[in-house]
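One protein chain, two forms: both are listed below as structure tokens, the first as structure 1 and the second as structure 2.
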Structure 1
Amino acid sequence: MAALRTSVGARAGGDLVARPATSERAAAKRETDILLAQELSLDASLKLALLNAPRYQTLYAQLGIAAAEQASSTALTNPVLSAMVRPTSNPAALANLEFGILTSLVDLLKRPARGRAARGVFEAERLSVAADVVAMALTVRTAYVDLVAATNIRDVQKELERAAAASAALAERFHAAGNIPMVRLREEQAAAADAALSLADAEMEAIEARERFALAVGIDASLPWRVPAALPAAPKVPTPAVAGGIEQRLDVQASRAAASAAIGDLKLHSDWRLWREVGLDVSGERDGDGQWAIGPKLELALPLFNQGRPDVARAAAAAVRADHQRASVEQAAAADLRLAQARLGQAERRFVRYRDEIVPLHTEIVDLKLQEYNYMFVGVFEVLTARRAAAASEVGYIGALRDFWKARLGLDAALGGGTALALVNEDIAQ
């Protein structure tokens, strides 16, 4: 079970912690409080989710059920003890006693094969659960990236709104002084109203992003936890290598395990097609004279009418279906990986263009406009318009940075979630 937890946890970038006991819940609460007291990192967010999100606990329970089912499916059928007392009408004679122990020979002989099949089923379930965990980790990370970006955009929109409001306030002064016509004033005021609305939208988006993140992590959005003002401008680690391709993907592994299990099942049915019921019986009987007769008994269902063909055919069809499903999953996974790579490449080019060209250019334009203003080549409104364009480019940059990080996470997920390098959880090593 510990191995299972580590396997799943490593892929998710954190340890999957069960906390059924009250003492563990208290510990989880303490750890949560410590994490919430600091500015939340992507890493800490995932830890929080593992500690708090009910959905993780559900998955963990699901693994428990799967493990129990595996154990149950490999257990032998208990032998059947039969005992019988038959009193006689002869007072001198003893009562006729009969007992027997019946066990299924087939069950015994099929046990190794059955165990293999059960392990296959469990492996498929384990991988499926792990895939769910990885998907949820992606949800948490994506929500985190969305939240930081939305908060950052809101802050920049505040600047935009301030620039527009300042421009409108100035326009009022110019108009009051008799220096600009009403139409110019109204244009500035309309721009300021638009900017105020955009700010309101950005504020709402930040609120929604906070709620979405809190829900994904399993914490209360109204608590005063906080995230950084901005996403990291450059990735700390290189883009995950895609050399391994789809091999590490959990859905691929799960579909392969399911196909393998189906073949095992088919073999089981095929091997025991004719010998559906073989009973081995040891029974004894005491006659009225007190003599015991003890001997074995073999019960064999003769394959005259049912030779198990339908079961074998079903298992064969299931195996074929499982194999097709595996192929389909592999195909979809390869496409998903290619797309994730393409998305990341595009997102990176876009983000780098914003970072290295668009934002610096707008910043410089504002400086140059201010120089022109200083020498009376342009008016203050033109400088403020440039400032607004610069802020708008910052909004574009933040969006591009957000999309870049999401594409990084997307590629990580497409590779199976095991290479969430930026988010490696030190718990895994423990």
Structure 2
Amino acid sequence: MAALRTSVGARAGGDLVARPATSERAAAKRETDILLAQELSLDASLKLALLNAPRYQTLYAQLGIAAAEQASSTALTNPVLSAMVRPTSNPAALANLEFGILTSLVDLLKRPARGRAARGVFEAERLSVAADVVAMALTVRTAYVDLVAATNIRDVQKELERAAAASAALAERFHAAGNIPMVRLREEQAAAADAALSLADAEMEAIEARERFALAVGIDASLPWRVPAALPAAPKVPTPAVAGGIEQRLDVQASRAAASAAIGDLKLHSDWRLWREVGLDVSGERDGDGQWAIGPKLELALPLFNQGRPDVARAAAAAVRADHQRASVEQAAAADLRLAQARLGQAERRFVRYRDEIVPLHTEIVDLKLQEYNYMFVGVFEVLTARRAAAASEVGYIGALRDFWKARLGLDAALGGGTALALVNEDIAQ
């Protein structure tokens, strides 16, 4: 866990703690209850995920298995103790007694090289698990943004549906009094039906977003926890520099470590392919006269039929595969970074257009329609239509703001989730 914390740093949004014991699980539940009693910020959501999400604990267990495999690969083979008693036909003589202890000399000599190879494998696994931990943290952050935005859109759609229903009811009274034609009544009724369907869709999206968020952080969606009513109105942090490129990404580092470990394994097999079995045996024998003879014995497997070429070929192919996988991961990471930059640029332009043009224009239109209504230039339904259009632009603004924050988080993830991500988290949490 200490090695994993070093790799992840602050990218996961909290401390990484494995909780196998019952007492630790009880402490986690108490902390969870405290967090759920308050309005959930982004930081609190990340803490909840680290406390409750089983997927994190699965990754920790995976790293524990890798550590155990590393220790197992560097352990020496146990020596073999043998003993044998051979009776003699001479009653006056003692039975022949022979004993020996045999250990693998190759196993002992290969231990430093095996240790280096095992450390390389563990390093690759550690970085891979760290990359998964950071990716899961991004899942939590994205689910949080989706949930807050979906909740906000649902609330706006509720207001829009109520206004449309009231407008349709007013149109029915006006039509009954002969003040508006049938086509105007049908227009208001169609608008009310559309608003009701939009509200149903928004409510379903809010339910789905709540379930996705609850699953990401490992809590029950049916519990009465709550999130803020809206995302921050405007971004406050600059776009991070991309000069470092993909070098900070843990998946890239993991692929490079795996390629290096594969080369180390190839070297190990190549260096020792002819020395597969060399045993050192210290044995002693007592004859029937009671005389002891003790001495060493060397056992060497002659490389006549198997010279280790299949193992070397297998390790060479594995090294080639690992190198191609490294190249593939690096290419995908570079493409991911370029796409993340493009998405952020497009999302920012779209959000700014909503914030600075579309929403203000619709607000001004509503004000102008009200002025015209006061001067009796237009009827009440023209004002209501303008208000519905303004509410629709507000829904579009919320969606654009959501997409901006998701693109912003996506760029930070493409850069490896560095320090700039903490600034975004703080800004969203506010």
Partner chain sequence: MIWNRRTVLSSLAGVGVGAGIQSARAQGAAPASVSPGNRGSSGVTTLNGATLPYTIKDGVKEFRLVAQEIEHEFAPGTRVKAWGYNGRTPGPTIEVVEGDRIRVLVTNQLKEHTTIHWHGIFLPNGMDGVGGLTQPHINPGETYVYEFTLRQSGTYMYHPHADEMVQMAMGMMGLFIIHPRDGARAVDRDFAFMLHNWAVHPGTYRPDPAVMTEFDLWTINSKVFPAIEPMVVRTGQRVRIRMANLSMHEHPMHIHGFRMRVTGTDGGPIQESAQWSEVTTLIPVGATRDVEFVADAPGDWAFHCHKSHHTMNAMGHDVPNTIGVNQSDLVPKIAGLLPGYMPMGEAGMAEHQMHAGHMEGPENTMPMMTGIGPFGPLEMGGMFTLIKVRDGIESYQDPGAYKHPSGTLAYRLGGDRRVVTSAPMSPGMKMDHH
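Please read all numbers here as calculations on a predicted model, not as lab measurements. Just so we're on the same page, rigid core means the largest C-alpha set that superposes within 1.5 Å between forms. Structure 1's sequence is the ruler for residue numbers, which start at 1.
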Inset, instruction - Would you check which of the pair is the form predicted in complex with the partner chain? - result: 1
Legend entry - M376 C-alpha shift between structure 1 and structure 2 of 2 Å or more, rigid core reference: yes
